[in-house]
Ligand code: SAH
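Next up is one chain by itself, shown in structure tokens, the form predicted alone.
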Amino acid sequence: MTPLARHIATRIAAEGPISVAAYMEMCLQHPEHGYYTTRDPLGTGGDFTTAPEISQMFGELLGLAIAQAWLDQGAPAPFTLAELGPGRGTLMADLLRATARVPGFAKAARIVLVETSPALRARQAESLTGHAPDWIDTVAGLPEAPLFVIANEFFDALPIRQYQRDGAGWRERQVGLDDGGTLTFGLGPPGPVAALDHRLEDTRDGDTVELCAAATPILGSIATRIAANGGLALIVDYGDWRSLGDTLQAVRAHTPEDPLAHPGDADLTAHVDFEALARAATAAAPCLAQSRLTPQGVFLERLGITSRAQALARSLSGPALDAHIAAHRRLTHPDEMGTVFKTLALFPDQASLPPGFVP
């Protein structure tokens, strides 16, 4: 049993079962034993790999798309260039390199990173030497200015609550203890859940639906700033338009495992409900426009990833070329990240549709 597992078990023994959201919050953010507060989880030495770590092409193309949207909106200066959950800073570094020749872009940009992990802040500072980013803990600290923000694999790590349909009501899935004192899942008593009234139309008894309350204020802060000042939110994550089913998952050493097996030592995530993100944004700023939800592979192909891959391949050979080809496939192919990962853009309704999306 991990130190955090003992801590959680003690709390449950004293207070009773906890929500999946409370469990995720402790596993990921506990100040002494939390997954993100104690380590750099990325890369071959970590537990998972994100798109920016797979290939420089990902950050380059997203950066050029953001720069074009900035130009299309009149090149406002100054503006905030932000990233939520920037990992090692790889995406932002690739973005800034790719946009360095866009006239006025670098000079006008104030780089802001929304990051709570001390370990990852240190890695980001190394990756962005010479760029002087600012760090903030939450999106509430974002400046009131035109905002161009990227959230790549950010929302999947926010705590979720899970509910199982029971007649006209719902039973919350909780984390409790079995007779031997081991962490186990169970269900709370049935009752109505106002936030899920609209899901009674498309679910049946026994279906599981997930809610991410933590996403609502985040989208609200971003949406109001973009609606008032201009900008773009580009969200890339795995999930779909509407949540259905138990999608909670744990990964440790690049291998899936039981989410209750090693609290604090495994990454916990859940699929993103993009409809909920869009609803939260437009509730806060009704004038905000949204793109079609677009598979990552389609989005990157529209941005020209194949041409970029071919250009980079000309200087490669042997294992380096093989790795490059594999990275292109991993980012775009339907059997890899191309379909399960989706992209969504939020922008002012009077602005042009950002690159990579179609009406």
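Numbering starts at 1 and follows the sequence shown. Note that this is a predicted model, so its numbers are computed, not measured.
A second form of this protein, the form predicted in complex with S-adenosyl-L-homocysteine, is not displayed here; the remarks below concern that form.
With the partner removed from view, the residue among N152, Q73, T80, T99 that has a non-hydrogen atom within 4.5 Å of S-adenosyl-L-homocysteine in the predicted complex turns out to be N152.
This chain is displayed alone, yet in the predicted complex one of T216, T224, Q249, T116 has a heavy atom within 4.5 Å of S-adenosyl-L-homocysteine; that residue is T116. Heavy atoms of no residue among E275, T294 and P354 are located within 4.5 Å of S-adenosyl-L-homocysteine in the predicted complex.
Heavy atoms within 4.5 Å of S-adenosyl-L-homocysteine in the predicted complex are found in one stretch of 101 to 109, 284 to 292, 154 to 162, 175 to 183, which is 154 to 162. Under a 4.5 angstroms non-hydrogen atom cutoff, S-adenosyl-L-homocysteine in the predicted complex has Q29 among its neighbouring residues. Although the partner is absent here, D137 lies within 4.5 Å of S-adenosyl-L-homocysteine in the predicted complex, judged by heavy atoms. Not displayed here, S-adenosyl-L-homocysteine is kept clear of P259 by more than 4.5 Å at the level of heavy atoms in the predicted complex.
S-adenosyl-L-homocysteine is not drawn, but in the predicted complex it has no heavy atom within 4.5 Å of G264. For the partner-free chain shown, nothing in 207 to 224 comes within 4.5 angstroms of S-adenosyl-L-homocysteine in the predicted complex, judged by any non-hydrogen atom.
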